[in-house]
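Read the single chain below, which is given as structure tokens and is the form predicted alone.
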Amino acid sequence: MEETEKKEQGGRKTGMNGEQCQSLLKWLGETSLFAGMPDAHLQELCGIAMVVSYKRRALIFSAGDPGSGFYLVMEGRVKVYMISSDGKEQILHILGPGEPFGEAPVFAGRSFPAHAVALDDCRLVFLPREAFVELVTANPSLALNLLAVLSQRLRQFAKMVDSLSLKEVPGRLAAHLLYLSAKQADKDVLELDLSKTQLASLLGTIPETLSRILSKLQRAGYIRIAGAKVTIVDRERLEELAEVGRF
């Protein structure tokens, strides 16, 4: 696991002037969580939001910390992960701009169930729990948006459990490549922005096994690899591998 900095050294709140508040309002309105909300509601969100900066590898929160609020990524990437009893890391999500995280405990008032660390220098929007719950209580449409995002996250978890428990590593990798393609408007040329160690952790394997399978997929004509770029050569066969789970 990559070394992380202590939380006390990682987060730094940023004050905002009027122009920055307007910029934040526009940005919030473009996220999946708050898309379509009236400006009046977005103004209320801006009134409780805090912009927080974290350096690369800074720990944002740990499993067991009080769920005092949740975050949206403005800039950079965030890794959400768990540590098993034997010290093995399992990555749950890699999150980029516009994506929320830490939202599950908001309404239950519980602690964070996983760890979160900045993969890059990050700017995050933090929404404190108590103030956010008050807004949701007054604005049911906000609750519906949050429910939709949580439902999507639950489906992702279900797919992850299915892949890790039922599919072999080749199937997990194929499914991940197709997921990346779907996120990039079904493009065939994909940019792998994770290290092999991080991608292996996300897929529940080790870097050596991941390297062997990538090479095998390339030799068999499924994909072509050039540095951090992966080109899907035979999408139909890759989809079949993702479904079956093994060569």
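Start at 1 and count along the sequence shown; that's the residue number. Bear in mind that the values here come from a model prediction, so they are computed numbers and not experimental data.
A second form of this protein, the form predicted together with the DNA, is not displayed here; the remarks below concern that form.
Shown alone here, D120 lies farther than 4.5 Å from the DNA in the predicted complex, counting heavy atoms only. In the predicted complex, the DNA sits within 4.5 Å of a heavy atom of R212. Using a 4.5 angstroms threshold between heavy atoms, S32 stays clear of the DNA in the predicted complex. Mapping the unseen interface onto this chain, E208 counts among the residues with a heavy atom inside 4.5 Å of the DNA in the predicted complex. Segments offered: 45 to 53, 22 to 30, 176 to 184, 197 to 205. Contacting the DNA in the predicted complex at heavy atom distances within 4.5 Å is 197 to 205.
Distance criterion of 4.5 Å from any heavy atom to the DNA in the predicted complex singles out V169 from the list I91, V125, A114, V169.
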